[in-house]
Every structure is written in C-alpha cells, then in structure tokens.
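Have a look below at one chain only, the form predicted on its own, in structure tokens format.
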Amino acid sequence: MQDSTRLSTPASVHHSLVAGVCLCAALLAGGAHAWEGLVEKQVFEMDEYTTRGGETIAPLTVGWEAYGTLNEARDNAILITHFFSGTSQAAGRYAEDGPVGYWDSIIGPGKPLNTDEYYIIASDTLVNLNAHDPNVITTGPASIRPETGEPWGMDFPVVTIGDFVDVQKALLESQGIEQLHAVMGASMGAQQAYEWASSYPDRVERLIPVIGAGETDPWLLATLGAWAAPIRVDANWNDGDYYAGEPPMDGLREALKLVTLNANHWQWANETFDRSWADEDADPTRDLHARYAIEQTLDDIAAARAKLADANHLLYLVRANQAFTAGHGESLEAGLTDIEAPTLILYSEDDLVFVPPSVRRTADLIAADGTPVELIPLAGNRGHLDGVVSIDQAGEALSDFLSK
C-alpha cells in the first residue's frame, strides 16, 4: 500500500510553479486612460540589429506590453526584465479568464509599482524560451531567415544579456524614453537589470535586481550546463537541425524538469509532497516503471511547458546566461563599479540558483565606491522562486524606494 495521502495535485502545483505574464501606441504620449488589468501584446521591429559580437540579425522582432500611461515628459517609465522561462507578461491578463502575469501582485493601480503613477513596460527577450506560445513574439533560432526561407537553427548568432538590453534600449527609444525611473527584474531579469545600470548608467535612476547576482558563478555555469545536456543527447536534436522533422521533445522535457526542480527548494518539496505513488496500483519498490507522485508532477509540468518552448532557444538562453558578467568587460569589479544608480537588491537566503554569497558580493562591489545599496531577504520555502511568488513581501520597501 502506498504512503499517506498526497499533499498536492499536479494541477495545483503546476499553477503555483509556472507563476513565473498594452496600451495602444496612441496612448503612449499621455492621457487619462488607466490600466484595467487587460493587456495587449505589441510588436517592436528593427530592420536589422548588430549583436555585441558583431553579427547581424535581420529583421528582428520582439513583443512588448505596458501597464499605465507614459507621461508627457516621458520620465515615469519602469522597465521590467523577465526571468529565464518568463515572458513580457509581468502583470495583467490577455483575456478575462486568462492567467495573470507573474508580478501582478505588485503592478497595478495603488500597488507598489503604481500604474496610476508609473508607466511599466516589459518585452519578450530575443531567443525567448516560449517561442511557440501565441502570446510571445521573439526572434531566434526558430524564426524564418529571409535569405533562406528556413528557420535560422544554429546559424542564429550567439546573443548575450547585453544584446537583450540593447534591443530593449531601442524599443524604449522608439517611444521617446531616454531615462528610466527604474529597471527591475528577477533572475535572468536581474542580470539584465545589472547590465542596464552598468552599460547605461546615465539612463537608469534606480536599480532593483531580484534573486540575481552580477555574474554567473561556476556553480551556476554548471547548473545551466546541466539544463542544456538532455537536449544535446536527444538524437532528434540533430545538432539543432530539427525544424523539418521531429523536435527533441524528450530532451526538452527533461531539461525543463531540471529547470523547475532547481528553481525550487527541498523545503518546498518536502512540505508539499510525501512519498506517495503516482499510481496507487503501481508500487515503485516492485516496478521500475512506476513513479512517485513528485516525479510524476514534475514530468507533467515539464510536458506542459515543453509544448510552448523550443529546444534551440533554451540552448541559446543557457549560453547567454553562462556568458554573463555585468558590463561584459574585463572584470566583475569594473562592471559593477560603473553602476551609479541607488540599488535595492531582493534575494532569498535559500536560493539554489544564485547563491546568497554571490548576491552579497555583488552588493558589496556596487557599494564599494559609495553607491547606495540595500539588501533585503525574501522569506518562504521556494528558494529561488521566492523572488517571484513572494515578491509582495517587499511591497513597502519597493514603494519607498521608488518614491525617493
């Protein structure tokens, strides 16, 4: 007989784990229209873009959305930069019955990121993981290359966190935004936020990195490599040339299972599950094909996420994250010294992705030349994901910081 009653169903855990998502162009110059919780994905296009590595992507397209209204002075913009598996949907819904964005608890009228006061803007990154999500617009390996009429595949240039930032900069400039009231992002979004403040210190007035450090340390380098490995060993990956055939779905599902597991914490696993079997009639101690409930739940989540994702896009994201050092210069110290914006860092002491010592070192290096830095921990049992699901704990701190 299996162990005691399972504590959470795959559906409820899936909703919790995946929680970590516009105004018309005519409204951008101002007006009295308030954000009402429904958002529309907009499109930003560039005829061509030259990467920091000197290669050309032509054309380039990313999706974006906004909450609130850009004022006449165009100086009330807060940029939200998203995490590894995220999209531009930081808040609101695309439809009345649709899911809300991952930071909806802090973005909206009267909330810490008050849309009655600020214009909150977010964009899908290049090589967004969710390339097959109808609400995601992104250029990457799965995109059609005009010269060939075929997907780019592995011919797509290697891109960096700096490239994500430079595309965002072009997006903002297309709306006449030269100065950011703040830039804020979680995890890979924190990397982008650091990069913004390091590369363009005169454009960022406040910096709010969440669950992220100024450099990818060796632990995270290896973790990211482990995320990529299942795809690389899937025979259908075919060195990235799979768009005319069967995609490497087995490898992609296993990769996304690792992403989900590593983004959580053992406390969450032990408090959410017991040792229940996935099937009450299939005893894992007697059948190698039988599963435990936590295994089946992670498999179910990965399978759902894989339907919207692209394997090559995951590999490109892994490399962008691995390559990251703030400022992309000769040293982390130099990149963080370039940051002049007052900084509020939110982090988790139980983070298994961006470990606390790396976050604290980042804070120390930013503060070394007198830049104001505040470091605030988020409590919870989710580890890294507390930066998404527990963000409302920092509501008062965010409101105070943004008003200074």
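All figures in this text were calculated on a predicted structure; none of them were measured in a lab. Heads up: residue numbers just count along the shown sequence, starting at 1.
Below, we turn to the form predicted in complex with a further copy of the same chain, even though it does not appear here.
- Each of P218, A222 and R275 comes within 4.5 Å of a further copy of the same chain in the predicted bound form, counting any heavy atom.
- In the predicted bound form, a further copy of the same chain lies farther than 4.5 Å from every heavy atom of H132.
- In the predicted bound form, P372 stays away from a further copy of the same chain, with no heavy atom inside 4.5 Å.
- Taking the partner from elsewhere, E205 is found to have every heavy atom lying beyond 4.5 Å of a further copy of the same chain in the predicted bound form.
- Looking at Y316, you'd find a heavy atom of it within 4.5 angstroms of a further copy of the same chain in the predicted bound form.
- From the list 176-184, 74-82, 229-237, 92-100, the contact stretch for a further copy of the same chain in the predicted bound form under a 4.5 Å heavy atom rule is 229-237.
- Taking I107, V165, V210, L298 one by one, only a single residue has any non-hydrogen atom within 4.5 Å of a further copy of the same chain in the predicted bound form, and it is L298.
- A heavy atom within 4.5 Å of a further copy of the same chain in the predicted bound form is found for one listed residue only; from A367, A58, I376, L352, this is L352.
- Annotation for 47-73: the only interface residue with a further copy of the same chain in the predicted bound form is G53 [heavy atom within 4.5 Å].
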